[in-house]
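What follows is a single chain, given as C-alpha cells, in the form predicted on its own.
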Amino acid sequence: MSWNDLEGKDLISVKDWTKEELDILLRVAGDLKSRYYSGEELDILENDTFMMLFFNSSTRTRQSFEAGMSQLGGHSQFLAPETMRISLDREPGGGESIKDTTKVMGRYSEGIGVRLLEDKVDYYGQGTEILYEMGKYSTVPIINMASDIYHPCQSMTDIMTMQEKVGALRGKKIAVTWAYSPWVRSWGSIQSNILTSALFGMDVNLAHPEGYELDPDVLDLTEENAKKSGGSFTVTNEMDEAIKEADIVYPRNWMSPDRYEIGREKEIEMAGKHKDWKYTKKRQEELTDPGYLLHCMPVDRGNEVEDEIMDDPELSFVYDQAENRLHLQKALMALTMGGSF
C-alpha cells in the first residue's frame, strides 16, 4: 500500500481503516514531528483549506487542527453552525439540509472536520450517523473531530504517544478506568481508545462502577480486535483489580447509558456516589507497574487523578500526548487531503 492510497478517505472511526492504513498514519505523524523539530518549513497542503464544523466547543481540537494546517502551508476555517443555516432536523423548513451543506463545503475545501456530541443530538449514535451521512455526500474527506460514539484522532494520538514512550505495544497492559468528576463527559475518547489499544495488541482492562456500561457494539468489536491482534480485553467493576500491574492507566469520567433520559443534574448526583474512583499516588505505588498516566484532557485534577501523578514528569504522558494531537492530525490531513510529500 502507498501513502497516496489514503487520499480522499474519511476517518469517522478507526474500525473503517485497516491496521496497515493506521500504521501508515503513525509513520507519517512521526516523520512530520521530526521535520517540525528540525525547523523545516512545509508546504504539503499549500493553498488548501480545511473546513472545521464545530457543533460543540473544544479545548484542544480547534487549536491543534488550526496550527496543523498552518504548519502544512494551508488554511483552516472555523465554522459555528449557529451562524449558518444548517439543520440537523430532516423535516422541511428546518434549515439547509446536511446533503446540501456538505456538497457545497466540498466545493470550497479539500477536507471537512466535524465535531458533534450528545448535547446537540436527540439520541445516542445520531451524531455519528450524521457524520457517515456527510461522508456519503462529500467529495472531500470527512474527519471526525469527536462524535457521540468515536474520537479516532484522540485514540490514534494515544497510540502514537504510547509507542513513543514504552515502545512496542503488544503485551503491554492498559487500564482504562472510569473516574469521578462532576463534568459528565462523552464516551467517544474512551470507546475509541479501547478499540484501538486492542487492535494494537495491548491487554486492555476496562473498569467502571455498575451503571456506567459502554456501548455493547463497541465492546464486542474491542473483543474482536483483541482476538485478532493477540491482545486481551476484560471488564470489571473494581478499579483496583483493573489497574493491578498496569503499564499505563487512563482514568477518565464518562456518562451513564441513561444520560439522554435523566439529564445532566442526575448524572452529577450519580457520579457523586463514587468519589473513591480516583487514580491516587497510593494506588500507583501499590498496584501498578509502573502506571504511567494517559489522559485525553481536560483533566479534572484532584477528582480523576491526584496532582502528584499529573505533575510527575516520569509518570505523566499527558502533555506529550496533547502535543501529539498536532502531529497526528497533520499526518491525517496530509494523507487524506492529497498532500505532496
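For clarity, every value in this text was computed on a predicted model and none was experimentally measured. Counting begins at 1, following the sequence as shown.
Just so it is clear, the following notes concern the form predicted together with ligand CP, a form of the same protein that is not shown.
Contact with ligand CP in the model of the complex, judged as any non-hydrogen atom within 4.5 angstroms, is confined among 98-106, 220-228, 148-156, 161-169 to 148-156.
Within 4.5 Å of any heavy atom of ligand CP in the model of the complex lies no heavy atom of residue 29. For residue 47, no non-hydrogen atom is located within 4.5 Å of ligand CP in the model of the complex, even though that partner is not displayed. In the model of the complex, residue 69 stays away from ligand CP, with no heavy atom inside 4.5 Å.
At a distance threshold of 4.5 angstroms between non-hydrogen atoms, residue 58 is in contact with ligand CP in the model of the complex.
Contact with ligand CP in the model of the complex holds for none of 176, 208 and 283, as no heavy atom of theirs lies within 4.5 Å.
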